[in-house]
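What follows is a single chain, given as structure tokens, in the form predicted on its own.
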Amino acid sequence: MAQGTIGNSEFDRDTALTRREPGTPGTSAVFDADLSAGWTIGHAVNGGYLLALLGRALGGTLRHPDPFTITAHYLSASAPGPAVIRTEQIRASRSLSTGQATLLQVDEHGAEVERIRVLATYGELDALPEDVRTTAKPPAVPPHERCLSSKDGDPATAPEIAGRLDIRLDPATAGWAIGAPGGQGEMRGWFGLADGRDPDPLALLLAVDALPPAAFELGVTGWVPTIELTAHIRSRPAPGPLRVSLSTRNLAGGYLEEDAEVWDSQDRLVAQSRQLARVMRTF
């Protein structure tokens, strides 16, 4: 695979948008997209990939370029193929812009179905002050060569998205893969794109929902679809692989929360998220 760069990579090609006219620049827009089958888990398109796609659409609509906070409600499972994204700027000030976006597809009956609705606030990451005061610490993840890759398993059972990513899991949080979950509700690992493209804010939106669910380490099996996800982008990431940690503390009533932290190669906390997910099958 050719080395990917920001703006010229598989991720960028698969999140490319075609802007329709009419649309009012700076206030609203309509985009055509083609959801790639390469980012699926089973028959559904990955939620982080979709979040990045909508994030790109809002970045092409709002006055400011970078996502600061973005909240997505996943209304129905997205399928590979054509989609339409409609965006609208709600408010803009000197430092922030707030907008909304929705992704729609046509179902097998020819009816338009809303898949995702997003509300987001954008700004300029490069304009933020450099002062950092934090008690957060990066996760302790073993070196790449001591972590587990999807290539270590049966390729026939790996989801399509595994071929687009370079994920290396901490063996201490991968007991579920051999039928021995640790029971701690944690997942840690390295995250990168398979073609070596460096991370940017859109890649961070993918990263917060790219690792296997932390619920797997509780003994949960099967599909764990996201109901709602809120991501905070805190800084533009430095080049190099990212470290991601996931945790869940409460599975009740068939739903659980999952908190994510994403750290860059300079040990900076560059993204955080929380999602509510549904457990379709428990134990």
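Don't overthink the numbering: it's just position in the shown sequence, from 1. Fair warning: this is a prediction, and the values are worked out from it, not measured in the lab.
Although not depicted, the form predicted together with another copy of the chain is the subject of the following passage.
- A heavy atom within 4.5 Å of another copy of the chain in the model of the complex is found for exactly one of Ala111, Ala140, Ile178, Val132: Val132.
- The partner is absent here, but in the model of the complex a heavy atom of Ile227, alone among Ile227, Ala37, Val30, Ala238, sits within 4.5 Å of another copy of the chain.
- With the partner omitted here, the stretch from 73-81, 190-198, 162-170, 141-149 that lies within 4.5 Å of another copy of the chain by heavy atoms in the model of the complex is 73-81.
- Although the partner is absent here, Ala203 sits far enough away that none of its heavy atoms falls within 4.5 Å of another copy of the chain in the model of the complex.
- In the model of the complex, another copy of the chain stays beyond 4.5 Å of every heavy atom belonging to Gln105.
- Residue contact check for Trp223: none of its heavy atoms lie within 4.5 Å of another copy of the chain in the model of the complex.
- For Arg274, a non-hydrogen atom is located within 4.5 Å of another copy of the chain in the model of the complex, even though that partner is not displayed.
- Taking another copy of the chain as positioned in the model of the complex, the residues of 102-126 that bring a heavy atom within 4.5 Å of it are, in sequence order, Glu114, Arg117, Val118, Leu119, Ala120, Thr121.
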